[in-house]
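Below sits a lone chain in structure tokens, taken as the form predicted alone.
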Amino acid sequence: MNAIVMMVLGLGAMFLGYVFYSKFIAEKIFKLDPNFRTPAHELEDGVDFVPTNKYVLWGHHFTSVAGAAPIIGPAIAVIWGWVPAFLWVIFGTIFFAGVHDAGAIWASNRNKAKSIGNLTGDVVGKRSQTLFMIVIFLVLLMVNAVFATAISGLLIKFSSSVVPVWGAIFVALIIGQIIFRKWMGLGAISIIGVLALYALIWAGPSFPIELPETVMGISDNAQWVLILFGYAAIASVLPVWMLLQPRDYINGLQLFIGLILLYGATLLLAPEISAPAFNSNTPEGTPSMLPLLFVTIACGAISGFHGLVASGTTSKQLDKETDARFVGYFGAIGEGSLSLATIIAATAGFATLADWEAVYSSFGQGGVSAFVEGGANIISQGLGLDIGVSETLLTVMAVLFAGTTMDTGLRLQRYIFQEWGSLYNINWMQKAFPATMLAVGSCLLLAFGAGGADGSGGLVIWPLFGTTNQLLAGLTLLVITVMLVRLGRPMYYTLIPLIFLLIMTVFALIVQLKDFYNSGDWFLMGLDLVVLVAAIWIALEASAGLTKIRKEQKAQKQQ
């Protein structure tokens, strides 16, 4: 089949989902109120609580939740065939991710911008809050440690991306000052920022930068990991308007331009999909598609990490409550569009089935490299751009998203330590600097403690990321569902995704548990058991909580 058909069907479905379904959810289910005084105004402090233009905030939210995961997941999952990956991305984006993201912003916004973990104690119960905080910490630990490793690998493999990746930070710092001090309109700033970023991308291949292979016994991968965490620590304590917002906004624009280039090249080149629709000849060792598909593709369909961003930083910057529809739901549409582009690049970016099978020779192969190589082939042949520039363009796109996720992820991890300090009356932990050091220290402990000298320790527990992340999404949907029930509003639009996620997560955990046992990986088997118990616990809490509320409401009606 021609890739144009996949592109038109996918983008068309997501467009209709935003126009009609998100409008229904926003107006009839969440009942977003333009006159509601948001925490960004009520608690404005110029650091974390800052009322923000919805387009700028969309850029922050979208690029923070995107990261490398909506590229990695689909680019791995196409090993089962492009049709299952395509369907899960499209339907997951419309009926799961959009509702989840907008709902998390709404729930937090209605509770003084509390994080979804902190909010669980008020809405569901203290037992659930304890569970939620543990799951959140595990997810953030995985995301920060693994993305640091992923970025390091890309910077080493594609040295032409180093100049544009780090140059984008200086561009963002300048733009942040211009926006905050209102020296220029947003339109002009957008044009200048994008032109500066693409000038850096164009210059990247001419000025490749490589770190020494070893410095004082530290490998180049480990050097990049340390540099990245040093940068993220500084970025996480700066006021959001100074770096986080402008960097995410420019990255969001850069992604849309990158997607336009990739989709435009697909239209012009009209490549045939070389991968099978359903792969009946998967390599030996490839696990069953059901249920692994639904935890392999998390970001791009639905992801618990989105709820952390939505309630951790986005809700603190929401200017009007009605902006939650555009920022949250359309942010999910943007990520779904990236995952769709990834599927096209990883299935139509190779000339023949044999070329595709050479890349997907075993489960776990492909990933970002398949996206970059396949996408660069389509852009180069469709638009006539130099293959080196095309590879740099897509590599910078992936690295910048992963970098913004690290910025936000470390800030969120700092919030977790501060919330623990507040919960257990540990005064020093409630301060920004000590909490940031604890966040960085825990990530480095995993990166170097479990992974040795190269700092790749996050990869050790990465096999459990998908299941833990979807468990977190289930917890977020539980909070939203309970709030809707208490308000007397329809709950099935969040309850059905919640039940589906819990079933698939438990199923996947059992499958993985068997694999870890057979391979003798007792560490991951132990972690798997912990997450499995948490998943069952959530199901019981959800059932008990919803039943209790329904009985209370029934008793009130009888009175």
Partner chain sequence: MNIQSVRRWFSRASDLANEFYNAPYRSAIARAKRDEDDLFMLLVFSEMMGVPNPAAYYTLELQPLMLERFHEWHQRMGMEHSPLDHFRCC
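In this text, rigid core is short for the largest set of C-alphas that superpose within 1.5 Å between two forms. Numbering follows the first chain given and starts at 1. Owing to the predicted nature of the structure, the values given are computational and were not obtained by experimental measurement.
In what follows, reference is made to the form predicted in complex with its partner chain, a form of this protein that is not presented.
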- Query: Can any non-hydrogen atom of I179 be found within 4.5 angstroms of its partner chain in the predicted complex?
  - Reply: yes
Wondering, does G59 line up within 4.5 Å of its partner chain in the predicted complex on heavy atoms? yes
Item to check | Contact of D521 with its partner chain in the predicted complex (heavy atom, 4.5 Å) | outcome: no
**Request:** Examine S337 and determine whether its closest non-hydrogen atom to its partner chain in the predicted complex is within 4.5 angstroms.
**Result:** no
If we test each of I201, I151, M142, L244 for a heavy atom within 4.5 Å of its partner chain in the predicted complex, the one that passes is L244
From L478, V162, V240, L410: within 4.5 Å of its partner chain in the predicted complex by heavy atoms is V240
Only one of 46-54, 28-36, 490-498, 506-514 has residues with a heavy atom within 4.5 Å of its partner chain in the predicted complex, and that stretch is 46-54
Looking in the predicted complex, the residues of 315-331 with a heavy atom no more than 4.5 Å from its partner chain, listed in order, are Q317
Shift of G334 between this form and the one not shown at or above 2 Å (CA, core fit): no
Cα displacement of Y249 between this form and the one not shown reaching 2 Å, rigid core superposed
yes
*Quick one: core overlaid, is G103 moving 2 Å or more at the Cα between this form and the one not shown?*
no
